[in-house]
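We begin with a single chain expressed as structure tokens, specifically the form predicted on its own.
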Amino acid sequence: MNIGLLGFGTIGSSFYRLTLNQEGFCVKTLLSRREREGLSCQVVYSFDEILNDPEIDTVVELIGGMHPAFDYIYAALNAKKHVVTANKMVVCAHYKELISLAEQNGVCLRCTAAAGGGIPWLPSINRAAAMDRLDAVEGILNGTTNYMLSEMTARGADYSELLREAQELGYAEADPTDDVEGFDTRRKLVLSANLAFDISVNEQDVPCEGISTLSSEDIAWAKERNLVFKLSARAERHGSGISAYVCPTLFPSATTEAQTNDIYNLVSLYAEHIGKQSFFGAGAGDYPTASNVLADCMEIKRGCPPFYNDHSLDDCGIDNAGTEGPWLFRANGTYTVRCLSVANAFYVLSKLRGIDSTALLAKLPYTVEV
């Protein structure tokens, strides 16, 4: 396999080093904005040199962001080159378009590293969905926020202190909005739901609440009740529709979810016959993520069916009106628990924000009385 590699940052450089030890895989050309010394591949500054090279059969996109990444992926698929990417933003926003384009051109589009970091989460969903009816997918899907919440719980530190620390450690970007407001988690949930339920979801239809309003007082309130905050995402079949949302969730301290700490992810699927299956591993990091990129390349080289091309791609709206449960609200320092549907819970939060812009919403487990 001759690879055109786009980007040589943390993940791109790790992927390159992994290929050096793999027979049959060659990074032939690297697209980079600056010179790179000591590499065995050609370094170019124009994507056209990769696009027009007939020897390159696979493009690996690891530059991130929407543009020019989308343009490169689209052009590569149109040129009948396989594409492997870790770019959840592009694949989530253009899911149907890119999958249809790959199918039309007889090539593969794979993005295992876009959800779950080093966990083979999306292929696991695809395998389970092929043999059973999936009823729900859920989990902790963002390493940055999980690190912050773990440290807030362990040390009683404030959100702002942990955010600075996460940025210093390289877990959080200079602009951490996508992570801390839950948008990164939402994109991963959308990709998971698309595969689990054979649908195509618009990410803007999924209500999303991050962790930026969580305080050390909230953490202490939860600890007194043997509960732990995690940023969790869930999508489930609901009647004839799909319910999906992202928000802080409280788990009993003895549960596996509560004890999933640092940058680790824990994701689960629920199937009609095989029941619950959970997957744990590093949700971020250079080599864990790069290993899933390489795994996708290996699947393509082996001629495995392109699992992102096998689905009906029916557009699906989100219906959160019929999934009821207990929710925790905090506004002006007062905590309230109410049993509401997901839709009504987010509606109440929007009203509370008019009173207190830092109002908190968190999902509570059915098994806990507060």
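Just so you know, these numbers come straight off a predicted model, no measurement behind them. Throughout, we count residues from 1 along the sequence that is shown.
Separately, the form predicted together with L-homoserine (HSE) exists; it is not shown, and the next lines address it.
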Check your understanding: Does Ala284 reach L-homoserine (HSE) in the model of the complex, with heavy atoms at most 4.5 Å apart?
Key -> yes
query: Can you check whether Ala172 is within 4.5 Å of L-homoserine (HSE) in the model of the complex, heavy atom basis?
result: yes
Answer yes if any heavy atom of Lys188 is within 4.5 Å of a heavy atom of L-homoserine (HSE) in the model of the complex; otherwise answer no. yes
I'd like to know whether Asp296 contacts L-homoserine (HSE) in the model of the complex, with contact meaning heavy atoms within 4.5 angstroms. no
Exactly one listed stretch (125-133, 149-157, 213-221, 173-181) reaches within 4.5 angstroms of L-homoserine (HSE) in the model of the complex by non-hydrogen atoms, and it is 173-181
Heavy atom within 4.5 Å of L-homoserine (HSE) in the model of the complex, from candidates Ser192, Ser232, Thr144, Asn292, belongs to Thr144
Restricting to 68-99, the residues within 4.5 Å of L-homoserine (HSE) in the model of the complex through any heavy atom are Lys88
